[in-house]
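Below sits a lone chain in structure tokens, taken as the form predicted on its own.
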């Protein structure tokens, strides 16, 4: 990897971090770099200390680095909090507006506000000046930035475009003319990507739902899941679907269940606290065998917890939530590609087995942006598993919505189809949906529903292995930790250690026999997850009997970095 640089923008909410970060990320992507971004933000409209971090490389990158090469400091707190993350970097700061008591060699004064007023006549252009200055320090082609600004501000008119370009060019020239050694990072622009895009996890989930033929989405806004609802709502007209902002999460899931009962492909989006409220409705989907997809973006709890940070603390809750026992499926995508294809497949699984399917993400995966291949919608199939009118005409017996079958999957017709009466009841019911509280019927219905779980278990794929199968140390992870774990394995192998990764995306039901075959070999196993109690390690022990030699756990609201994992492994002395 010839190029591996990190740019961090620090400041208070409302200072334009997202604007600077988004423009810079898009520009660096257009320059041909692989780009990975993360955001740290507090739950307030203005104030606090937030960051937008961008890592670029000429090779594929999957996680954030801990070092910083360029810090764009919009306030004093950014320098106080992040200066120690730099060794030979540059701090871009407007010392006219950010008052500092001390001086450091890395500080590079760029009069952002003055340049903005001189070139565009408004302080609002200071963000473009900052982007231009960063591009100047990187010695990259300004025309790429100019084109990005033209595209972003196209709807605001030519004057706004011109002023932003003038401000950015002035910042670019200032950096090139005034930085003591010329441009700081003289890096070569790689060949431009032909089929790659920069996309966040939430957008990928939204695209997956659209590709799957989503008809109805209901949700109550809740960070960090809201991005999926917003993305799909923005496409609702084009894709002829309905997005409903419900009065609360209970209503949201009940609406989706109702829509699904009538044949609409339905989905809800929420986060941990909202999922708590949905639990009774989840049971309704279970006993009525109504397919529905639930997107659950985790954040640290309990209660409101840390609403804008990340954690994998809801896993066991999602598997066991709701009254009674009924089958469900839980996916945990690890990459934007997983978000797209697994969300699309979630609708097929939900309809095939007539169960709720939960897609578990978290703030880190939801908000981070990744450079990845463009998704191939032709790989997505739409499998409805519904009785056709012709099949109903050919039926030799009266239709029963909950017909006992060897698989447990009953033929599914829709209310309103000619020739059938589709009945349903949230009480225990017979094959026709009429209430039946006899012990014999209860046992048969429980068996019917749970039989589907064992069928589904056989369909669940084995986890993915990264690295040699016979490594001495196996790191185990699930969901969003995929990228940091891959890079941690690379670091360990470069240091001469024998290490690999076994990563899970299909969480429940676990294909226990396949897993025992993979992980039953000798060797040390360490589970890495973003929670305090090692929830996945406990699940793995219960389902397969496989025990970890140790766990690496993080629960401070922050995601893993590769270096954090490597350092933790070394501290535990398992190597």
Partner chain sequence: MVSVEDYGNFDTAWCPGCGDFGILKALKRALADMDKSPDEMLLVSGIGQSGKLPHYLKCNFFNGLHGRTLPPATAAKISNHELTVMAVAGDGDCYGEGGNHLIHAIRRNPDITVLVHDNQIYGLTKGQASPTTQPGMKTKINKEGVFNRQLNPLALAISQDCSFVARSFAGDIEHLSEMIKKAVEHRGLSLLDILQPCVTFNHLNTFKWYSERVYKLDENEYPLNDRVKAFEKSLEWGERIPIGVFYVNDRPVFEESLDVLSSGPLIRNKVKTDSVNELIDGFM
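Just so it is clear, the structure is predicted and the values come from calculations on it, not from any experiment. Numbering follows the first chain given and starts at 1.
Only in words, not in the display: the form predicted together with the partner chain, which the text now covers.
- Contact check for residue 29: a heavy atom falls within 4.5 Å of the partner chain in the predicted complex.
- Taking the partner from the other structure, the partner chain in the predicted complex has no heavy atom within 4.5 Å of any heavy atom of residue 180.
- At the 4.5 Å threshold, heavy atoms of residue 407 stay clear of the partner chain in the predicted complex, well away from it.
- The partner chain in the predicted complex comes within 4.5 Å of no heavy atom belonging to residue 96.
- Taken together, the three residues 197, 246 and 258 all come within 4.5 Å of the partner chain in the predicted complex, as judged by their closest heavy atom.
- Out of the listed residues 471, 161, 207, 486, 207 is the one that sits within 4.5 Å of the partner chain in the predicted complex by at least one heavy atom.
- The partner is absent here, but in the predicted complex a heavy atom of 290, alone among 345, 500, 290, 146, sits within 4.5 Å of the partner chain.
- With the partner omitted here, the stretch from 235 to 243, 443 to 451, 96 to 104, 165 to 173 that lies within 4.5 Å of the partner chain by heavy atoms in the predicted complex is 235 to 243.
- Counting a residue when any of its non-hydrogen atoms is within 4.5 Å of the partner chain in the predicted complex, the hits in 426 to 447 run 426, 427, 432, 433, 434, 435.
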